[in-house]
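Only one chain is shown below, in structure tokens, and it's the form predicted on its own.
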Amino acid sequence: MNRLTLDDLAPGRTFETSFFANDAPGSRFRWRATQLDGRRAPKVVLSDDARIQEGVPCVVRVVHVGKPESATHGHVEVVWDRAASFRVEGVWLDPSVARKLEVLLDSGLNILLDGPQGCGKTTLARAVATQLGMDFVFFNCGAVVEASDFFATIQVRASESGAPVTDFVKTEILEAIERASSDASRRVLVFLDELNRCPEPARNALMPALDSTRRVFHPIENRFLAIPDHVQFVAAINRGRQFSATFGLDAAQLDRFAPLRMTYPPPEEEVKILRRRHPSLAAKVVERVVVVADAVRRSPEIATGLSVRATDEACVYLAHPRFGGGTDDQIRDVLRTSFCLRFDGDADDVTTDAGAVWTIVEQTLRQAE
């Protein structure tokens, strides 16, 4: 049953919901919702509780049902009871890592997500920001060369006379810190992607931001800027000899973070993720794609992991009408493209990584037939 009844809404009962601003003229309630526990409420749900944040799931308690005898009037009044259980959609986390992540988010500590490429680090950070109602700021550290690049870049443009003019342009990080400084209710998650792809001297500019000093140098205004407590930093790195143009993080830099190790989801969890993303694709097709990917990841001959982006890409192809739902030949053809082309060499050359992957793909598909 998709709709609640008034009997379900006895005062004292609790439900999970998300609120949005109530724009009804003259209403004394600032928050409005229409669903409780994912089911349609028989009357509009209203609250004026200051602990509620717009769009952030929470558990509320029913305190009053107005005009229960009317089918068209009245409302359900609720108050905030507690925060909703922490969960992240679209990415798998080991339960122990999920518990640690929740604690770190509550504490405000800097978090370092360490794991193979394509295991869901960016997806996780974005989902966390959405779940907690935080502004999400994505920053690619691979573009940083100088220390100041974290906070401002130099842009050259033509003036009205045609002469070149140099401007300092604030980065997303600096803009987010300034916004948070002027609005204490604006929680911000700054995601530092590929932190170890920028040179160590440049990365040192972040040290005061990540320790108890909590300040950065404003290169445009030539002053230090304090970082509010409601700004949280989450960084992601890939480590290993297979990654080019990366720099190691020294002990002092690592010590500024609480590290969390991520990995690829177990096959059964990856199937669930992909089936939610591609509901039109037959379960057996998704399962076959994931079984092959898992075989590649577990192979000791392959140094680089196969990302979840690769399995998702394969499902995009196979779910498209041009592929007609995924016959055995189509799966074989798609995996040759989506999997093998992510590795060096030629799929037909067994001495290369691409060739070794193709051998695994063919063997696994034969075993699955």
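Basically, rigid core = biggest C-alpha set you can superpose within 1.5 Å across the two forms. All values reported here derive from a predicted model rather than from experimental measurement. Numbering starts at 1 and follows the sequence shown.
Below, we refer to the form predicted in complex with a small molecule, which is not included among the displayed structures.
The single contact residue among 228, 199, 259, 90, judged by any heavy atom lying within 4.5 Å of the small molecule in the predicted complex, is 90. The contact with the small molecule in the predicted complex, taken as any heavy atom within 4.5 Å, belongs to 117 out of 131, 117, 171, 110.
Residues of just one listed stretch (211 to 219, 91 to 99, 174 to 182, 284 to 292) have heavy atoms within 4.5 Å of the small molecule in the predicted complex: 91 to 99.
Residue contact with the small molecule in the predicted complex: residue 308 places a heavy atom within 4.5 Å of it. Although the partner is absent here, residue 265 lies within 4.5 Å of the small molecule in the predicted complex, judged by heavy atoms. Among heavy atoms of residue 298, none comes within 4.5 Å of the small molecule in the predicted complex. Among heavy atoms of residue 277, some come within 4.5 Å of the small molecule in the predicted complex.
The Cα position of residue 128 differs by less than 2 Å between this form and the one not shown after fitting on the rigid core.
Comparing the forms between this form and the one not shown on their rigid core, the Cα displacement of residue 268 stays under 2 Å.
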